[in-house]
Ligand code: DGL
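Given next, in structure tokens, is a single chain: the form predicted alone.
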């Protein structure tokens, strides 16, 4: 089974790691939109255009599902286009929320996110739709994406910055959602900053949700006969993408350059809904 996944950079690898552990026979077409990292610096309108260009590329690549391996796009773009999906679309926000609501003892749920995602209020809205009584604290962490993209995940600077961002949440929460797919690469620092909190990486419940969805509709995903083949694309040269793909996923691939300026945005209304065949 071939699927598409994208992020503004290497953050999506944290999503693919548990997914490939559960379903090792998947073929992945991954787009790291390195020309526009971080997505937190873009308006919702700009993000719509960029992501619809990537979706056009996935449509032409004949993928069978798309993973929005990015919280910003899952919050600001996915809800608007989900009704028009040409294959099943999966975001990373809902699975993390479901797990957080299962784990929390009711003290409070914290969200560590980039600035745009935190300001959108998406996490708080979705949590309160399910449990309006639980306190929710959305904390912006604007420096962390660039830190991860530079590979500085084990530096004293990383520990210091995470600690600074988490100080306002100390004593207020018992559960923290890593609301950016770059942040699992700093999980140790988050756990050290909030030692009394459960720290949730939404990638794990997403992998379970994805596997259950397709197993319910198509049978065992690991029994498909098509050979697996991964493809790695970047929208601007970035040696870190290849390094992290090998480090996190074991992919020894050369990234191909994808020129989004040559791709017309996918128009949701022009494609009918995907019909799953058994």
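Computed from a predicted model, the values in this text were never measured in an experiment. Numbering follows the first chain given and starts at 1.
What follows is about the form predicted together with this ligand, which we do not show.
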**Report entry** Distance check, residue 180 to this ligand in the predicted complex, heavy atom within 4.5 Å
**Finding:** yes
Query raised in the report: Though only this chain appears here, would residue 70 touch this ligand in the predicted complex if you measure heavy atom gaps against 4.5 Å?
Result: yes
Report task. Considering only heavy atoms, tell me if residue 28 and this ligand come within 4.5 Å of each other in the predicted complex. Result -> no
Query raised in the report: Looking at the partner-bound form in the predicted complex, is residue 244 within 4.5 Å of this ligand by any heavy atom?
Result: no
Query raised in the report: Which residue among 233, 39, 210, 58 has a heavy atom within 4.5 angstroms of this ligand in the predicted complex?
Result: 39
Report task. Choose one stretch from 248-256, 233-241, 30-38, 50-58: the one whose residues place a heavy atom within 4.5 angstroms of this ligand in the predicted complex. Result -> 30-38
Requested in this report: Could you list which residues of 127-162 come within 4.5 Å of this ligand in the predicted complex, counting heavy atoms only?
Outcome: 145
